[in-house]
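Shown next as structure tokens: one chain only, the form predicted alone.
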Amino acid sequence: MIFTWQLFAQTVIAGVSIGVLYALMALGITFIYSIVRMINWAMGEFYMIGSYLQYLLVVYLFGPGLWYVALPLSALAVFLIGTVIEPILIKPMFGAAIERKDDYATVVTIALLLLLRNLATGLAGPYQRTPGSNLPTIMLGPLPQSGARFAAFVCGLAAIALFYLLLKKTWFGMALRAAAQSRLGVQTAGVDVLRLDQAAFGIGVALAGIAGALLAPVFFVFPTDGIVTTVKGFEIIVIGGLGSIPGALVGGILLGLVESLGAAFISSPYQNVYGFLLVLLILVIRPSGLFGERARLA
């Protein structure tokens, strides 16, 4: 393909836009890991739940013109689902009888993944759906951009900003950051760390739900629509560093840029390959990721 600065600018904008939405998924994964000390392998299914909730609210209740009203409701519903699931499936991990906590978390979340995916298939069928969008194409200078994709990008940035403010500007956020540093220290200070785990799990899966809801009009909604985004999320936490929230954001943007530029100027069928090549390069240069933690306190 012939290189032009206009095409390059358009490709960079597209890469940053999708990278921010990838980062939402990675933020959810790394945030749960930082607080609860576990990898949630079912994150893609919470993305899927968010996309289905957005579809149902837009199609059957609000209409495409009020998609922004459906968005926080979808996120809230996913948060509530997460806070209900966590005490049932995740909290027992911290019981005295559980010795291999990582193995327990892996088995339980993979079982949850299969349950939610098959439940969605049974209830909605394997069909692809879309809530649609009436947002017009917008112009960024001379460059046209999909209205739905641009709105997803802006709302994704807003969600990340709210998440940042929650962590940095509130007492609850301070407690979460303290728990990420030392669970024992938080307990010594009189904070109920298991309640923090429940809230952190709900917030983490809600971030994935927001990504699913935002991308529902951009991509199709179907029972396995979270698979690709989950893979991207894990690629990002390898790039940025597991447990690093800034790394999740930087890694998401880097992954989006590499995939978009590779698809535009090398070959689009290999778009996903470029992301894996970036992961391999980062592992060779810095195995802990760009912002990876070198040590972790108990």
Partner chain sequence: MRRTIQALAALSLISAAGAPAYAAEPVVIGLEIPLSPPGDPAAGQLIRRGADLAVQYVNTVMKGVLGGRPIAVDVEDTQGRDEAGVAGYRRLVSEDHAVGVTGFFHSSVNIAVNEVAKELGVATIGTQTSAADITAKHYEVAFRTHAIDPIRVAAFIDFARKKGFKRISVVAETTDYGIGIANEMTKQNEEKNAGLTLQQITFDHATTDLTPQLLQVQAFKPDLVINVGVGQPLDLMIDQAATLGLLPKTPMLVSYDAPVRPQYWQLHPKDGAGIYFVAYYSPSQQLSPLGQWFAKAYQAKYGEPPVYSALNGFGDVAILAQAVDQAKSTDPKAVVKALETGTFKSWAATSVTFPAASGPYWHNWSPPLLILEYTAPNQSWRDAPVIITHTGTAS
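None of the values given here were measured: they were computed from a predicted structure. Residue numbers count along the first chain shown, from 1.
Although it is not shown, the form predicted together with its partner chain is what the next lines describe.
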Only one of 219-227, 153-161, 204-212, 72-80 sits within 4.5 Å of its partner chain in the predicted complex by heavy atom distance, namely 219-227
Next on the checklist: Checking a candidate spot here: are Q54, G65 and Q198 all in contact with its partner chain in the predicted complex (at least one heavy atom each within 4.5 Å)?
Outcome noted: no
Next on the checklist: Does any part of N40 reach within 4.5 Å of its partner chain in the predicted complex? Heavy atoms only, please.
Outcome noted: no
inquiry  = Please determine whether T106 contacts its partner chain in the predicted complex, using a 4.5 Å cut-off between heavy atoms.
reply    = no
Please check if P144 has a heavy atom lying within 4.5 Å of any heavy atom of its partner chain in the predicted complex.
-> yes
Quick one: does I18 come within 4.5 Å of its partner chain in the predicted complex, counting heavy atoms only?
-> yes
Near its partner chain in the predicted complex, with a heavy atom at 4.5 Å or closer, the residues from 255-286 are S260, A263, A264, F265, S268, P269, Q271, N272
